[in-house]
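First, one chain by itself in structure tokens, the form predicted alone.
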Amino acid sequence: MANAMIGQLGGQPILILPEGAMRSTGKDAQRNNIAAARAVADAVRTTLGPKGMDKMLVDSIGDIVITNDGVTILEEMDIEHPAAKMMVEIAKTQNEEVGDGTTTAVIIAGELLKKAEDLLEQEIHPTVITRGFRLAKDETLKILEQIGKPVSIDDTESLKKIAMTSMYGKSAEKASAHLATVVVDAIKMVAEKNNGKIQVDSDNVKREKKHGGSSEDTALVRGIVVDKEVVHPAMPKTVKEAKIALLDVALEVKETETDAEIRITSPDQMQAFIEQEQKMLKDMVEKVVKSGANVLLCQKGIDDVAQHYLAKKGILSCRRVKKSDMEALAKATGGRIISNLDDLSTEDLGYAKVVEERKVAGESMTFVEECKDPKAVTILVRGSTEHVVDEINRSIEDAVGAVASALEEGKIVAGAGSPEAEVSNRLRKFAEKFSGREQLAIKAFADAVEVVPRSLAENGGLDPIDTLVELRAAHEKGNVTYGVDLTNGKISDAFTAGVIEPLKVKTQAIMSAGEAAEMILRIDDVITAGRLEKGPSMPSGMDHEE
């Protein structure tokens, strides 16, 4: 192991790196990077599929996260190694782009590196391996495109199956049929058609968590749930046929911007000053009343005096509503957010059939619901304890992402490891077109994608070798949609079993995994500069020979 980069000049060694810098080169660097990346993949592999197990992550102050969600596990783990961090990036990208399939993407990347390591042992150059991997990746994307089937926004059954497939194996599974209906209904409401293509901004499906009750109590609100209470006890707690003013302006008397001093010399002046303030607040409230609003949702503060006047006029008001909630309210009710009271008019008001304060799990929340055509909705997520609610919330987030990406792409594939088995089968035939060493890399890619059905079988307690042999035989006969059926412990048609996934989950996973594996393989030198007095800054696993 070289501790510094050393050059020779006339018998005199030249030190280029500072003392204490660590360096691993060639096979060492590759082996270390591959080992670190594989360790990350192995950490999440047992969570894959309907029989996957959960992880309990405990941080330094004892906070607990119990989850089955690949990206959550990797984000919560304190990962030091640079190659391992690249695996976390794969999961994050998959989560941002699709919202589901994070574990799949990471374990495919880990398996690609494992197969690459075998090829490196056979003295095949990393550049040749990456070229073969790239050819295989491009071919895989074409194969997936061919086996994808179309899906439309009206195909409610298929969309529900996508949501349920996404939730299998998570805490939400027992209520998955109910939750799938909630997710699909929510997405149908917020989906928008643009140039003939469907677009779904999953931010418009807001999730509000409250523990207490069971996951079956999770409900869709055709509107927005604001985690705020009505500001004044004398205000109505329910308003029917609500005309809603959305204000981004404080109903308070402003302090002067610059330092100013007001000298009051008599009680009369003091009285006049207070009355003037009250009059200003009353005028503000009058402007709200004049617009015809009977509900006021304010992003800033509402003065106590203003609250009193609003209560007298019977206007239900909430203050300090989050900016994101205000934007969602505007989309749901059709109102406009006003930042100057003088501009408030009847046209700016939003509409909801009911605005009501309700107690949920002992806390007051304001429900703005039954809007006409809401472009933003809320899923009120319920579960027995905080940890359960968090995990159900993550399951719903994955399901929303899966259904949204299925609609945006317009294509679906069978799940249960069937697309991976089909890709593997066709890639082996594709490899025979090549005569050079790339053929070995393409075959290695074909073997690597089979990690998905293999992991599903392992996690379900089946024999992985027998399962893969049966699966290969089924796909050889042309049964494209055959996958691992874990309820019966055999191979069957995933489509008829209702195990469906969006095409984008698979294509994105292959792209991210392939590119990350190529990048890690091309690294043959890892230099970590660090002074000795700071202590070694070399991440563990890189500073020793394997």
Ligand code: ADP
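Note that residue numbering begins at 1 and tracks the sequence as displayed. Everything quoted here is computed from the prediction, not taken from an experiment.
The discussion below concerns the form predicted together with ligand ADP, not included here.
Asker: Using a 4.5 Å heavy atom cut-off, which of 98 to 106, 231 to 239, 135 to 143, 295 to 303 contacts ligand ADP in the predicted complex?
Answerer: Comparing against ligand ADP in the predicted complex, the contact stretch is 98 to 106.
Asker: Quick one: does residue 514 come within 4.5 Å of ligand ADP in the predicted complex, counting heavy atoms only?
Answerer: Judged by the heavy-atom cut-off of 4.5 Å, residue 514 is well away from ligand ADP in the predicted complex.
Asker: Using a 4.5 angstroms cut-off on non-hydrogen atoms, would residue 452 count as touching ligand ADP in the predicted complex?
Answerer: Within the cut-off, so yes.
Asker: Considering only heavy atoms, tell me if residue 168 and ligand ADP come within 4.5 Å of each other in the predicted complex.
Answerer: Because a heavy atom of residue 168 falls inside 4.5 Å of ligand ADP in the predicted complex, the answer is yes.
Asker: Is there a non-hydrogen atom of residue 68 within 4.5 angstroms of a non-hydrogen atom of ligand ADP in the predicted complex?
Answerer: So residue 68 counts as contacting ligand ADP.
Asker: Looking in the predicted complex, is ligand ADP within 4.5 Å of a heavy atom from each of 190, 205 and 332?
Answerer: Zero of three within 4.5 Å in the predicted complex.
Asker: Heavy atom within 4.5 Å of ligand ADP in the predicted complex: which of 510, 491, 40, 48?
Answerer: For this set of options, the contacting one is 48.
Asker: Between the options 159, 456, 186, 288, which residue brings a heavy atom to within 4.5 Å of ligand ADP in the predicted complex?
Answerer: It is 456 that has a heavy atom within 4.5 Å of the partner.
Asker: Residue by residue through 382 to 421, tell me which have a non-hydrogen atom within 4.5 angstroms of ligand ADP in the predicted complex.
Answerer: Result: 415, 416, 417.
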